[in-house]
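For this one, two forms of the same chain are given in structure tokens, first as structure 1 and then as structure 2.
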Structure 1
């Protein structure tokens, strides 16, 4: 979803980001299991990385903000599995198997590392030349799609400069909907902090993002 709590960059009123010093990969044993289940169920489920991200991010704002990182992962997994009838809603509610089990493909221990790296590379052969070059000024489109997007809210309508042309890559907006990879050109775009955040922005600071071609237009 767009404009949800997962896209809080530059939003006022939430305080500073306070990194946890020496933060562990997992804070509890159940988080390891949530991660393992998400990885394992991708094999029978057949979803891609953008579908997974969309399932985690497409939550009511209050729910998203009160959940921990792996609680969000688990909720996303439940959604993906329920959509494919790998589990039913009453089984999620009770925490028990209530229906006839289904035969599914199983992720073997030998395939774990390969599966972890399945999301890359995402570069594809271009079908058309890039519309922009390094040094071009571009404006990010002001768009509010009701579905998954990787265009940060705080950059919409803002002008920046193309820093790098990164090749043609899987377009997450279509991939998350199961509409195919639809590869599009990807760029690194550099913005001044003042352009993004107004007078409160540090005049000596810049922010760079990677953004797909459909997200921008010539400034």
Structure 2
């Protein structure tokens, strides 16, 4: 989803940041289990990170803002499993397997370490040269796509400078929809705070995003 409650940059009204002293990694036993289930189900589920993010974000704004972080993870996991009929609602309601299992690959405890160590690199061999170079001025496109994107709203229509060329990376807008990785050139684009936020922008600060080539045009 785009333009939803998850796209928070520059939004007012959320209050102060409140760091917690000596914060534990998890705040409840169920958070640990929800975290581990989400990681472990990636293999049998076969979804990618962009599908996961999209599943977490794609819900009514009021609901997204009301839920805690791991509640959102849990809801995302349930949605991904339901879409693939890996688990049915009556099974979660009764707490038992009631239907035939699908044949899937499982993450065994022996594989945990090497799976985490391998991770999921997103850089791919480029099929075409990069359209922009370091120092080029670019403008982020003004868009309002109905599906997943990673172009934050506060940068749309704004002009910035290419600061780094990061290689060719899996394109989330396509990958989240199951339409393939469609790798595109990725750049760090730097904006002045004044360009993004007008007179209220901090005169001594700059903000950068990492943006794929289709998100921008030559300024």
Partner chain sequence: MSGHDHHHHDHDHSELSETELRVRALETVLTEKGYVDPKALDLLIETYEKKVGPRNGARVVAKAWADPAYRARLLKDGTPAIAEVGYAGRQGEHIVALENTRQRHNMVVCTLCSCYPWPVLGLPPVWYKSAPYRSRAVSDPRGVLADFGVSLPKDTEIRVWDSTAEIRYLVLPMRPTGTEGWSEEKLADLVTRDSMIGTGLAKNPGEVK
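Numbering follows the first chain given and starts at 1. The structure presented is a predicted model; accordingly, all values stated were derived computationally and were not measured. Heads up, when I say rigid core I mean the largest set of C-alphas that superpose within 1.5 Å between the two forms.
Colleague: Compare the two displayed forms of this chain and pick out the form predicted on its own.
Modeller: It is the first structure (the form predicted on its own) rather than the second.
Colleague: Quick check: residue 199 between structures 1 and 2 - does its CA shift reach 2 Å or more after fitting the rigid core?
Modeller: Comparing the forms between structures 1 and 2, which are aligned on their rigid core, residue 199 does not shift its C-alpha by 2 Å or more.
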